[in-house]
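Read on for two forms of one protein chain; each stands alone as structure tokens, with the labels structure 1 and structure 2.
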Structure 1
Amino acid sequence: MEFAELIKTPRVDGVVLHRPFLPTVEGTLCLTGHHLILSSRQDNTEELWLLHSNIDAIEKKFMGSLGSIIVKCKDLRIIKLDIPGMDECLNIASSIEALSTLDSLSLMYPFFYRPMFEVIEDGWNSFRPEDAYKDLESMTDEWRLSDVNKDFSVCQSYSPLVAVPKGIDDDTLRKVATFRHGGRFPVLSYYHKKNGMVMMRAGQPLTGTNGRRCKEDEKLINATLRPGKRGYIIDTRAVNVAQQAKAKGGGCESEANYPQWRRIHKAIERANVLQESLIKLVEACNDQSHSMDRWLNKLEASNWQTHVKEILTTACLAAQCIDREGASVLVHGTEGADSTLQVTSLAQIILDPACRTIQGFQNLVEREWLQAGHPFQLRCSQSAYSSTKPRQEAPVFLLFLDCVWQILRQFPCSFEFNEGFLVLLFEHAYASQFGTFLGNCAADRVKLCLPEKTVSLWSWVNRQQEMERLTNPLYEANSLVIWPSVAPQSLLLWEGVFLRWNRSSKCLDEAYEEMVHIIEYNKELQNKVNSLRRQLAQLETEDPLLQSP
């Protein structure tokens, strides 16, 4: 077993654990292939059970013969382990370092994890494109499900089944794929039942510097327009960025070749900029100085809230085109797997009440992120503390969750799930016992045999006790389009993620419990009244004397 080689010291006694808002614990530290465990062995309860893959960075400090390891986690928590003995400390540190940066996916914990719960519904089968298509079919006959990508040869990052306009055959799709970045030809993202308008997404067109065109591409996207109607292309890049992309073979749709489409540019930043922003934000939140100026300055300089605003604004724009202007929309950036997905998925949250339910939101994450080929493995391999040079890491998905949280805060009764669900998805996207977020695309998931070898996060979430924990007690189905405010005053720092380990949430948790209590008590009384009413009705039918005149 390879892990054994990496574990130089499997056990150390007398280790002291320091965690935010919890009393320090002295106990035995154990390293296993996938976990760092600390137990006081007092009453056989584990005090700490930390996945190595959740470790973002470690620091060592020495004071005489006492060593300390500061463990910085991807969920942004920071813990400290005081380890007696220099050698032990060094051994543990190097083991953690090795175990938390394993390169091979097949050594990851999800492949070893066996569920301790009964799987009622296998999450790997919960959200199949076929089922989504059935829903679509019930609303419109203008789309078909194509298996042109069944062996991932047309587009590496798409799933085998995609919805495309009915009149476009697979050959055309193959041609279009050669004209779009990463082979990501335009596919259906969302159908707006209310007016039949659609949202599509794609990779950038490969126009290059000499304005290459592709008749099939034009035909494909025009096929989605009603006669005499114009559509909008939302390019998530600033104009100059889109222009610069031409030099590298990319570009954007020219007005001449796409006369029925109006192109709008928005400026959502690219991966590396977002990663830098996250690092700065987390650094600001962990700043121990008590200066207000410094805090506000660092918060501003992180630009995080600016990114949130840009993304939400663009999503609102897409939703507005569809719902208010009655126009169809094509969204793309460069690859069409990052900012594009932020926009298309948030626009659906705004437009489609179904996405605001627990199941519907899972479905959205599955369709618009996992099956749409957001490279989770690349983006989430490091979080805010890593000192290694960032490669492709970026909090693209975290920003999406943050935006959803902002909308949730503004419409606290319109979501079936609570903040806890969003935090849970953040945690599992970065480190998990489940296979859901492993790999970068559907092809990877097939190659790694994830459905066979790992458990799906959805299998765990969709059980009654988890659902109860994640359900928003205030939820009342709201069939309307919900337009969030993007004014800076309306955008808040997501405390549940960024201040989670910096300030005690006891009082806020108590308030949440109180709210649940108020609602449950009300339901209880309603049930009582209803049952009395039934009894009364029964009495009335049984006893003619009691009947009302």
Structure 2
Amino acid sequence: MEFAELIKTPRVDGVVLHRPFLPTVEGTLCLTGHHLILSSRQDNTEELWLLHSNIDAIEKKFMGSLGSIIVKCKDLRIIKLDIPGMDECLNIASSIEALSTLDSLSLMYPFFYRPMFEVIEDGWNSFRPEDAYKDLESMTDEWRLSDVNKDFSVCQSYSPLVAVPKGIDDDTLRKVATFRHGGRFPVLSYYHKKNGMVMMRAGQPLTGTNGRRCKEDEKLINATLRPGKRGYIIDTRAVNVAQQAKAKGGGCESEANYPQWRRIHKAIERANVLQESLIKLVEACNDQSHSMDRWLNKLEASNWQTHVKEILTTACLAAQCIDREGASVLVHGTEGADSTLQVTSLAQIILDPACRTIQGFQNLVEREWLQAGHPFQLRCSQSAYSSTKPRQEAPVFLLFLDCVWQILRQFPCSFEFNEGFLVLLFEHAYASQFGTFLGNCAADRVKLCLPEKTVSLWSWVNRQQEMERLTNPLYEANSLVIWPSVAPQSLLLWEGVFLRWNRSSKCLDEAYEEMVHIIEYNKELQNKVNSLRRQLAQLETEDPLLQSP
């Protein structure tokens, strides 16, 4: 298929662009295969380059011969284009709708994008399982890296290499995979260096109504326990949901077959509920007409903050079991690719200071989301504005980022990255020129040849100038475990995502720049103090009379 077939009117002059907090711009609108571009000949006006894949929905309005297209984006921005001529407006709208809903991944912009920057570090090779295993090997000899899934035949959604207990062979893993949803057998998620406890993740056990048993599965997870120790199974479903799953062949671990494990149910809502919650939240944020009572009621009705609290509470529980109880943990829900990953990754941010660095957080996203099989293509194909019926879309990753922001806000000096890094990841998960978030699992990325045909987001992020922009000026390395408050009063609406297009951030930006200036000035003064102390020490050694009594 040629993109030209979908573009009925490639160019229109005299188009007026309206954007939040920016002056109105008149110029020429151009449609390409991947971008909507508005260019003006006026000096000092910023051009609009909008990826078609970032467009969630459009609305058309007409007044006489003038047409308007309201473009609602996946990053929650809303822009308006005034287009002279009804035919031109209809043609542009029709083309945008066609180009923004292409099904074929190979037609996406990352396959056509050529970077304008020098790729110093290939992000596709930055966070390989082999490298993570070397770090694990330096801490313990109880685990091994298995390539049982090298051809994706055991588990379609896992990466080719996974860490498993050393005493468990590949044949056992294959048997366990038949007992777990989607073949997602228990694998290592995190090793706690402080006490040797571990966190694993998996899909639900397929016990069914007959109470099916798998001794290989019991052997695998028991292999992670120290003598005399018990473990915790954290099921991210309500008890009744887990029981109902038995009728469909799923279920949960019975206490009779797993006597050394205590099962805890912590209900985290599933995809369709989360998507509805996002839609309600964004609708509330965009409604400028309501009173305080109406705003608070709408915010509460969205249940977004409740979901944030549930996820953070469960992550804190997992971290507490590992760090304070000295117990190993297995986390799973149904598939083990949504709420499970929210919990395991947030628990690591609480426990592991390395995950709070820019590189460490990239590594976490790579390990616990991309290589662990979170279906980004399904979950992020629509945002909050799309009028088409939701299929499997859900803001699972956005909720995770929101939870990270909550912890960052409570511990502003413990994170090397700033809020801008989290916003950047949200934007690129939904629409990007990079191939990092394309596909639903490692098998998809291999099939699409993404490392060979696209550029990694990490190649862009890890450039020096970008790292400087994303670095938190307040950062001071903190080797301690950090325990966030999950009290309702401690959890705030993430304005940097949900309100950034609704009110100007000028004052906040100016305050941030002033803070950076003060920090830099403080560093200069500290350096001068240190220099003067060294000079004084030097003088005292040269002239004993200067030494204090």
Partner chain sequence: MEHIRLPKVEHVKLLDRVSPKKSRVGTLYLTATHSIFVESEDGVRNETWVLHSLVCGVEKQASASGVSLVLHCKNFQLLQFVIPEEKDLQDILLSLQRLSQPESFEELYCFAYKPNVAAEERQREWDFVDLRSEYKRMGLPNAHWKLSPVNQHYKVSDTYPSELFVPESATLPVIAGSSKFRSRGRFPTLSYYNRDNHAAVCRSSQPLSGFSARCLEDEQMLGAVLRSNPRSDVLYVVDTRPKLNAIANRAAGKGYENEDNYSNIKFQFQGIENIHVMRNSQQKMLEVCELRTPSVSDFLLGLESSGWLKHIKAVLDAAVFIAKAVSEEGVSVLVHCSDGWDRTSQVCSVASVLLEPYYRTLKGFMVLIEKDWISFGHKFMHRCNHLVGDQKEVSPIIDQFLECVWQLTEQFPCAFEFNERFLITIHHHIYSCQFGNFIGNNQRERQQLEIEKRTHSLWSYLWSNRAEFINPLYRPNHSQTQGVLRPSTAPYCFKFWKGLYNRFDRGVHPRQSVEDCLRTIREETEQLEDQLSSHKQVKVHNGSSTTDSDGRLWIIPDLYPSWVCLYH
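Quantities reported herein were computed from a predicted structural model and do not represent experimental measurements. Residue indices: 1-based, along structure 1. Rigid core (definition): largest C-alpha set, two forms, superposition within 1.5 Å.
- Of the two copies shown, the second one, structure 2, is the form predicted on its own.
- Here Thr24 does not count as shifted, since its C-alpha moves by less than 2 Å between structure 1 and structure 2 after the core is aligned.
- Residue displacement note: Arg534 has its CA displaced by at least 2 Å between structure 1 and structure 2 (rigid core superposed).
- In the core-superposed comparison between structure 1 and structure 2, the C-alpha atom of Glu513 has shifted by less than 2 angstroms.
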